[in-house]
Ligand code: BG6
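As structure tokens, one chain now follows by itself in the form predicted on its own.
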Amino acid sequence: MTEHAAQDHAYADKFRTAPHVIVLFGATGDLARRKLLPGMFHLSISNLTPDVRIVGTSLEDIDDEAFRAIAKKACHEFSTREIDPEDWDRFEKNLRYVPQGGGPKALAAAVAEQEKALEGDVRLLHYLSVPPKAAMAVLQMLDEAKLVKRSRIIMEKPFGTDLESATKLNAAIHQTFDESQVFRIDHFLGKEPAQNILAFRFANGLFEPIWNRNFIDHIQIDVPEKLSLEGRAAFYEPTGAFKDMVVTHLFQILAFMAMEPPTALASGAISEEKNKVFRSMRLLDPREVVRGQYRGYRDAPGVSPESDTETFIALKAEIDNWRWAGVPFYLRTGKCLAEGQRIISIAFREPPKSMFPANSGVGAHGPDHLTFDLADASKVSLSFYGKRPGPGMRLDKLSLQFALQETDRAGDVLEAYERLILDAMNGDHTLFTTAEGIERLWEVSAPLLNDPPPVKGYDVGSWGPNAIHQLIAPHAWRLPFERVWRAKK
């Protein structure tokens, strides 16, 4: 073993989790098959969480062998890593299944059986991969099965649909679970590039001093999607792009971009700084919001022919504190758009240009930008003006780029759900939102929810309604742009 590998092994041992029984509600659903079961398989065969047993449960009346067959097919179909047959054989033996129709008693018996197979201080992790309307029934079942003690729960979005419903939901959760046991998941924050924002901001003397209103002109958080509803009309029609994406994802990314330096790289300190950002946000102004609906949406099964649900939203958010006063944050997301991207762009203030001749090209391509690409292939780019070789003073836009694939650690990356499950097992709330945070975001959103502007139509494959250009003027949207990411040679 090399010294480098030995250090990594020791690091993994240091953070090795306690033995766990994971209870997966919704174990036969789409999310479980695509992400959760493959993620749990990878974690269980790693040095990070080797002592794991899983109890799957859902409405389907199947047995252990049928569930194992579902899990095997899911892992072979959706895992991004090659599966060793011996690893699978070990993992498969740790899977149990209990139909929810068996009630709390059957669930408690299955968990107890799995606990007996483990040694040491065994903990429980309950993953609620269920629709929001089913969450309360699951919490009641856990309470009746006496599976609350020594346990933590992961809850999927949405966390309410407005301030009143979020407050009621949190109050109902807290009747059974303490807030310290609750992990409200946002898979965006589980991605390696999202976490890299913290390292980039606070570990580099080049950028930390200029991360404020004196040097930054505006920030864009842009998450367009090419995908349509893909059969999710029943969920999407009463929800829309704002509740589905902005409150649960884009606002969380905004907090990472805007937060003050935490007192420590610890979950409590980071959560507090995120909540300070949310407390400092101004209430959304419906006049600075563009809602859109792609043409053809109303023809989808399950969608009202008079639907006012937005499949696109762009808005201006403001943070009224010392660091960010006067700096607009522009957020955009939607379905059936021209490209699928996850881009954060920081536009720096432009210097005076009087010393450069009018035809030099200075300023012709907009301000300098720092760009984070939050796709799985993590990339960062810094654009700037430089002199074009040759006579005279002609300027071109140049860039410095970094990609995760250029390092020898690309294979060490945990996928978003894997990272978040591991953090919940370790009790680390850093990448999860709190009851206070989510309630404040619904409070910020209240003016928009109470008085939404009418939806505007847009073509499939476009960048949204034309009104988005008036929203961001005198600036321009960073997407679409011509950018070539240099590949590793």
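Computed from a prediction, not measured in an experiment: that's the story for all the values here. One-based numbering along the sequence shown.
The protein also exists as the form predicted in complex with the ligand; that form is not presented, and the subsequent description refers to it.
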item: Check all three, F188, R232 and D244, heavy atom within 4.5 Å of the ligand in the predicted complex; value: yes
item: Close approach of R152 to the ligand in the predicted complex, 4.5 Å, heavy atom; value: no
item: Exercise: R342 in contact with the ligand in the predicted complex, heavy atom 4.5 Å; value: yes
item: Non-hydrogen atom contact A266 with the ligand in the predicted complex at 4.5 angstroms; value: no
item: Residue contact check: L227 to the ligand in the predicted complex, 4.5 Å heavy atom; value: yes
item: Partner-facing stretch of 130-138, 232-240, 268-276, 165-173, counted where any non-hydrogen atom is within 4.5 angstroms of the ligand in the predicted complex; value: 232-240
item: In the predicted complex, the one of R184, R291, R96, H249 near the ligand [non-hydrogen atom within 4.5 angstroms]; value: H249
item: One residue of H365, R323, K379, K157 in contact with the ligand, assessed in the predicted complex (non-hydrogen atom, 4.5 angstroms); value: K157
